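The chain that follows stands alone, in the form predicted on its own, written as structure tokens.
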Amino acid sequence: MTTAKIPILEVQKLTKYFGGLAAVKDVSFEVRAGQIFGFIGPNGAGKTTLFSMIAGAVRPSAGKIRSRGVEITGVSPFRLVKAGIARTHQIVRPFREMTVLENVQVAAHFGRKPVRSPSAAKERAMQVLVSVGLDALADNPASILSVGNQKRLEIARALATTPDLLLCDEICGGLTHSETAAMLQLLRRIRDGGMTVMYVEHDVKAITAVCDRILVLNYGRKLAEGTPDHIQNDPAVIEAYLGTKAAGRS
């Protein structure tokens, strides 16, 4: 298999038990470079557990995770960042007393291609802030940012580590309709710039609007996988998650 054909992420029969309960059971899928790959499911479907295993926060009970053919099952988040995989967090935790710029500078020092000087970190941080639309707020304390801008700061800190794969955890949670639209446009720009995005979200409209492919979980198992059109019109998905009104969507 040529390098171009190797998935940027490959998950094989991933399983996680908590006691005797299987939160995720035998889930397999591939993510190709240059995609926005989303996954959704009803509450309790296993989305957070699956995301956490991929991000290195939870160790699987069974199964394999590979990135570009290299096994990364159970690898720590710090080592994943060094391997080019960075994540955002659903609950944002910026360094509140530091400026927006300083928050991103810190991330630049710990990335896949760590900078060698404060001036280089500042330069990379400013480039990232421009790309996410926060450059005008660079000198403001992170504590005064709106929720929407704190979410953008989460993305900026992840991007400062120069990842190949960006894992976004409910990045639109708590945003207004207009903020959500702007955030989805940012994810598209990130993808169009050559990065791969994996995106977990409760908002079905957001997922179907931005993703190239979608995985649907139900009771910890893969229910369906395909394009947004396929997912929106899949009878099993409609029954489990989208509701009967979704059947008329195009």
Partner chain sequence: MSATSATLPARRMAGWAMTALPWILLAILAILPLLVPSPNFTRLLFMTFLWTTTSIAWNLLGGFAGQVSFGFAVFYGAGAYTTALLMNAGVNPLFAFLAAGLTAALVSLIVGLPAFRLRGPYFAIATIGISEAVRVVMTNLSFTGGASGYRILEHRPFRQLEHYYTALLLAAIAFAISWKIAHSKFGLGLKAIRQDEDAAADLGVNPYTYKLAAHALAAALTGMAGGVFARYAAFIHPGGVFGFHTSVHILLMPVIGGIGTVWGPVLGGFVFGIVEEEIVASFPEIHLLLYGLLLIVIILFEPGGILGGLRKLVRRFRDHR
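Keep in mind that this is a model prediction, so the values were computed, not measured. Positions refer to the first chain, counted from 1.
Omitted here: the form predicted together with the partner chain. The next part is about that form.
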{"item": "Contact flag, residue 93 vs the partner chain in the model of the complex, heavy atom cut 4.5 Å", "value": "yes"}
{"item": "Non-hydrogen atom contact residue 105 with the partner chain in the model of the complex at 4.5 angstroms", "value": "yes"}
{"item": "Close approach of residue 71 to the partner chain in the model of the complex, 4.5 Å, heavy atom", "value": "no"}
{"item": "Residue contact check: residue 81 to the partner chain in the model of the complex, 4.5 Å heavy atom", "value": "yes"}
{"item": "Answer range among 114-122, 144-152, 175-183, 129-137 for contact with the partner chain, defined in the model of the complex as heavy atoms within 4.5 Å", "value": "114-122"}
